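Shown below, as structure tokens, is a lone chain in the form predicted alone; questions about how it binds or moves come after it.
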């Protein structure tokens, strides 16, 4: 007899094979995806829904939100859909009443915690943060605690959560799940770790040999290793944090039906296959992983509560700044 998850997966496959409800009209997506990824996403949706005149505006999440807020203040919001970096930002927009709740069967094959339970936003992928190390390093780390060893003294660089949303989610996840809590960051600082810049700065420091170890999002070192960079990426034994690049429909959308079709496409098996093709871990558990990643069973994602992280954001930034004296 099939268990509940198998039944849901079967229903999902049946639904995916049915003709999609016709959607049309203009659809504007505001996104923080890299430009190439955004264009591929829009093109794939357009192929599925040729009657939708879809376009996108791409920038970093803070600038995307600044543009959106300016338009709302002027009474002329242009975006129908947001596809941005992190769920904490989405929680803030949900709290302000700016997102349109949407209940969709497309969420059926996903585990609890992937999407907002009220249907305000939906995770589309897992961009995890683990450990990168230079292949010349004397120690191959397998655990977060390995970065506290003498071999790593003065050799660790981490992105600062003061300016990086992904780094803040990582900080909150580690402090909530590691036994030492904030004590882990205090020990990192005592072992000479530096917190500066973003993930790209960590990549340059470790691949160039300026530092031997760092915290970093997974796809950057996996892609650079494939190009020949002398680095390795590790999914630590305790688990990793993850940002989910959520998608949401704005309450001010002029075309909510097309916006719903866009959400359903991203969550579909076809949309998740595109995510893997772009080099990211799909949020859909049954979707294959891209080249360079271990089996999904080897990637343990630690729990994270975006609503709690939003409520404690200012306090967490202060705790981090107090430790690293930024």
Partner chain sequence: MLAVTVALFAAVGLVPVLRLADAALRPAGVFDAAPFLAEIATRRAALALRHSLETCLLGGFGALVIGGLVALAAALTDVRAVRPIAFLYVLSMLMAPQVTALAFLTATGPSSPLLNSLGLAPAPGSANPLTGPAGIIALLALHHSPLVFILLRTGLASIPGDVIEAARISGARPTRIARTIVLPLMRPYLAAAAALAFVACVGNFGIPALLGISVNYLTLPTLIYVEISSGGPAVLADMAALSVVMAVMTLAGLAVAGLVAPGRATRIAPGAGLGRPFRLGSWRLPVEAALWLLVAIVFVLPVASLVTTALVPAYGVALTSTTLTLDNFVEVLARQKVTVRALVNSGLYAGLAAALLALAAIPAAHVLERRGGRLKAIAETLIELPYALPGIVLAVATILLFLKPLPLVGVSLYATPAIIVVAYLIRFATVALKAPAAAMAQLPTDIEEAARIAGAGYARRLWTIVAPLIAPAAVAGALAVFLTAFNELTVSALLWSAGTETLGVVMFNLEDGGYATLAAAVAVVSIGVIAVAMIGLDLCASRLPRRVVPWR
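Numbering follows the first chain given and starts at 1. These numbers were taken from a predicted model, which means no experiment stands behind them.
Beyond what is shown, the protein has a form predicted together with its partner chain; the following relates to that form.
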Note: exactly one of 291, 47, 70, 295 sits with a heavy atom within 4.5 Å of its partner chain in the predicted bound form, namely 70
Assert contact residue (its partner chain, in the predicted bound form, non-hydrogen atom within 4.5 Å, options 99, 234, 203, 188) equals 203
I'd like to know whether residue 212 contacts its partner chain in the predicted bound form, with contact meaning heavy atoms within 4.5 angstroms.
yes
Consider residue 136 of the chain shown here, and say whether it contacts its partner chain in the predicted bound form, taking contact as heavy atoms within 4.5 Å.
-> yes
In the predicted bound form, residue 224 touching its partner chain (heavy atom, 4.5 Å):
yes
Exercise. Please run the contact check for residue 166 against its partner chain in the predicted bound form: heavy atoms, 4.5 angstroms, yes or no?
Key: no
Counting only non-hydrogen atoms, the one stretch of 154-162, 243-251, 167-175, 140-148 within 4.5 angstroms of its partner chain in the predicted bound form is 154-162
| task | Please state whether all three residues 107, 281 and 303 have a non-hydrogen atom within 4.5 angstroms of its partner chain in the predicted bound form. | result | no
Looking in the predicted bound form, the residues of 43-61 with a heavy atom no more than 4.5 Å from its partner chain, listed in order, are 43, 55, 56, 57, 58, 59, 60
